[in-house]
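Just one chain follows, in the form predicted on its own, and it is written as structure tokens.
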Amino acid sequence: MTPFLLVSRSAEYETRLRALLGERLAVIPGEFLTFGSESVVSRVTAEPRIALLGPVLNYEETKGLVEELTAQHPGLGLIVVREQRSDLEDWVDELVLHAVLSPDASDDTTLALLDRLADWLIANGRAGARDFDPPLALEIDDMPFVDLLDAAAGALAQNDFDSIADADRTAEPETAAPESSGPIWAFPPLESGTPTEAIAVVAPKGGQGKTTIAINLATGLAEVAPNSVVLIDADLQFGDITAALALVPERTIVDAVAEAANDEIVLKTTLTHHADGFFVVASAPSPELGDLVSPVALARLIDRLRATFRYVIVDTTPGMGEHALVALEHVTDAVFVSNMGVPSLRAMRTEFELLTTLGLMPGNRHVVVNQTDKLSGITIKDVENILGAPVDVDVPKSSAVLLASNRGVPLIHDDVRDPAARAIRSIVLRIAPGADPKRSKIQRRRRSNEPE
């Protein structure tokens, strides 16, 4: 008998739960969610009584699992395994759950919660006493978990956010074009007089989350200017935008600045298209080839792309090297990214002073503090005092960022309700106030690299 089911991407949590429940636990790796929640549920061979969902599952995935599991297994007890975060209340309000359990909860607390939920299912006729043999015998007094049993007795009302997942189910499936028919997208003409904007994303050091911001900025701007956004990976030594987006480019920035690319048509063939409606100029395939791209060539590439695209985004090399300075000289906006580390913040202040002295500070400056954490020892006010400048956007630390990156999906389209995704969306709105589509339009589309 396997009354317990776990769907999770955490091998560590799976090992721990197996040690607690032994043969009474069935496990389906969260990687199967690539094929959809239906694929996960179809692998449930027994009749589970309690399902634990998480950790490392996003809202859309959890919602799909809840709907599929409750449809196939009425009366199932549902527990979300998730850390305490600011958006947890939204999950509780909008998903039909019985309890929320921290992945860091002790073994005693975990077993006690399972015991209490099992008792409740039995008392309400949703399970039999023998379903959980051997019984869990731990005491359950004073358990530190979020108890939602009463609230889950009836179905919770659904709201507008349901349309995010519903859109995927109700939309007619797209028919894949034959390989020989060419791309299904086209370069939209840039109307005469339309202002074009170039945005440099810069950071004083590596590891600040600069590339994540650049990718999601391109994704958000493409919602208002489909196929008229291009993202240049100008980190010529170790750029990884195509890896983060699961793209396999045929050509790179080395081809884009070559003499042959002086022809506009040839230049466009050096771009790699992403399913979310923007283009990428891939970084050099090796540091040696990256050295062939001169600062002058990068400046010229930015200017040429501005003549064709509504938005040009440049993900620069960390620091204030010659290529980064040239990029800042040829853009309208700059997004400065730093984490809450004091060394990084001081380096950013030095950057501000240098750019002001050189007269290279773009007209529109956006200061982003990434991976903010209340346990960091400093506040946003402290950050502003160190920078000598106000913070425009603070992006909270979130495991959803790494999850989206590992899956090759922009965060703002992967987990739209995550606090980090919402914060990054506000950066997009600073550049383009109209980039605030209805939530029903923000949905995870099946990527070309995902199995059908």
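Because the structure is a prediction, the values reported are computed rather than measured. Throughout, we count residues from 1 along the sequence that is shown.
Here the subject shifts to the form predicted together with a small molecule, a form of this protein not shown in this document.
Just one of Gly277, Pro318, Gly290, Pro362 comes within 4.5 Å of the small molecule in the predicted complex, counting any heavy atom, and that one is Pro318.
Contact with the small molecule in the predicted complex, judged by any heavy atom within 4.5 Å, is made by just one of Pro55, Gly30, Pro396, Gly64: Pro396. In short, of 95-103, 293-301, 210-218, 252-260 it is 210-218 that has heavy atoms within 4.5 Å of the small molecule in the predicted complex. The small molecule is not drawn, but in the predicted complex it has a heavy atom within 4.5 Å of Asn370. Taking non-hydrogen atoms only, Ala46 never approaches the small molecule to within 4.5 angstroms in the predicted complex. Interface membership of Ile386, defined by any non-hydrogen atom within 4.5 Å of the small molecule in the predicted complex, is ruled out.
Looking at Leu69, you'd find every heavy atom of it more than 4.5 angstroms from the small molecule in the predicted complex.
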